[in-house]
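Listed next as structure tokens: two forms of one protein chain, kept apart as structure 1 and structure 2.
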Structure 1
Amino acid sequence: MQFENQVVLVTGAGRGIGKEIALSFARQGADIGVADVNEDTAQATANEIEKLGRKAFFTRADVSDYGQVQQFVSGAMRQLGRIDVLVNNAGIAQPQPFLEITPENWENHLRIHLFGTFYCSQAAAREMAKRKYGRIVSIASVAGLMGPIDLAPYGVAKSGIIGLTRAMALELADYGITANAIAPGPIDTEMIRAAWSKEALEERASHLPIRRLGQTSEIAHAAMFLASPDSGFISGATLVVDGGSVAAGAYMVEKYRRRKAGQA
């Protein structure tokens, strides 16, 4: 029960990676503050947390709205009493070719991913600073480290989260707060299964050095590591959890060719 008596806030916790992160922390003894733009899924996650014997506070919150973020954090403080960990997970992905990107799509990505991460981190850090302890973990993406196809706003926003993480690591260190990011590769979630056919997912997996998609539990494990008391000397880092894709870079093209030719 590594997080017993701790309080963890998770945004975008209604499904996918965020839900798995919230439940994983609860299994390790934490009480959880759940925020999601969909109130029904937020409540469903909170119900599962309570079945695990932990306290749960949930609210519908659009993290791109400064006022709603303040209400989420203040509500969590009232209901749960403290904030030890914040996991910034809420996000969207709306593909568009670069020449067709609309101002609305561009702004939505920046506001939800980057503005939302800043709003939530600042609000939570103000409470953490009072106790001289805190862990901020933000979900970035390998798209913030490489050029994504048809996802320029997403990639730019995720790059911004990585930069914001470094800035927070410096400015919040005096308050006992660390800030780190996780950059997932393709993860097997409801979102990716809705966007890709089974055949396309199998083909996508073969383009990874570790020949499969990642699991939501693997991102949750990374989040718990960076949120643990044992990670106190790690701050400003981006942990890549992508099956080796970024490390392989362009060489993965040759690896894939050899696989197709039956050479590997």
Structure 2
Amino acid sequence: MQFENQVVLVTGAGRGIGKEIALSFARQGADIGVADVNEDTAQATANEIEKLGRKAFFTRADVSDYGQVQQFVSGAMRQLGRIDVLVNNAGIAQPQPFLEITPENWENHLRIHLFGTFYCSQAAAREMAKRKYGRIVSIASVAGLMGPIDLAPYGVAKSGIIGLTRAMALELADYGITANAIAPGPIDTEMIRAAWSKEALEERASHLPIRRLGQTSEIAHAAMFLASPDSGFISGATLVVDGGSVAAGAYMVEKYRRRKAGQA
């Protein structure tokens, strides 16, 4: 029970990686604040947390809306009393080839991923600072470390989250707060299944040194490591959890060239 009686806020916890993170912390004794733009799935996650014997607070909140984020954090404080950990997980991936990217697509990715991570981190850190303890874990992506295909604004926003993580590591250290990011490779969730065909996903997996997609539980494991009270000397880091793909490097170049040549 590593997180016994701690309070963990998870954005985008209605499904996928965020849901698994929320349930994993609850299994380790934490009470959870759940925010999602989808109220029904947020409530379903909260119900599962309560079945594990933990308290849950849920709210419909769009992380790109400053006011809704303030309401989420103040509601969690009222219901759960404190904030030990924030996991910035909410996100979207709407692929568009670079020459076809619309202003709306560009803005949506930046607002949800980057502005959302800033709004949530600032609001949670203001509460954490009062108790001189906190852990902020933000879900970035390998797309923030390598050039992604058809996802330029997504990659830019994820690079921004990595930069924001470094800035927070510096400015929040005096308040006992660490800030770290996770850069997942392809993880088997509805998001990636919507963005890639089944064949493309199989091909992607076959190019990873560890020849499979990652599981949501593997990202939850990394989030709990970075959020642990024992990880107080780790701050400003980006933990790559990607089956070795960044280390291996060349997959995207290869895919792009084969596509141009009409082979993929």
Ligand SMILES: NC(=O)c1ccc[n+]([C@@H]2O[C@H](COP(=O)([O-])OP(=O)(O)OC[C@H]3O[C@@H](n4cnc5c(N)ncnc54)[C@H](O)[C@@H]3O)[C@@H](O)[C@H]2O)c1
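For numbering, take structure 1's sequence and count from 1. Because the structure is a prediction, the values reported are computed rather than measured. Under this definition, the rigid core comprises the largest set of C-alpha atoms superposing within 1.5 Å between the forms.
Legend: structure 2 corresponds to the form predicted together with the named molecule, while structure 1 does not. Taking the core as the fixed frame between structures 1 and 2, we note the C-alpha of R257 moving 14.3 angstrom.
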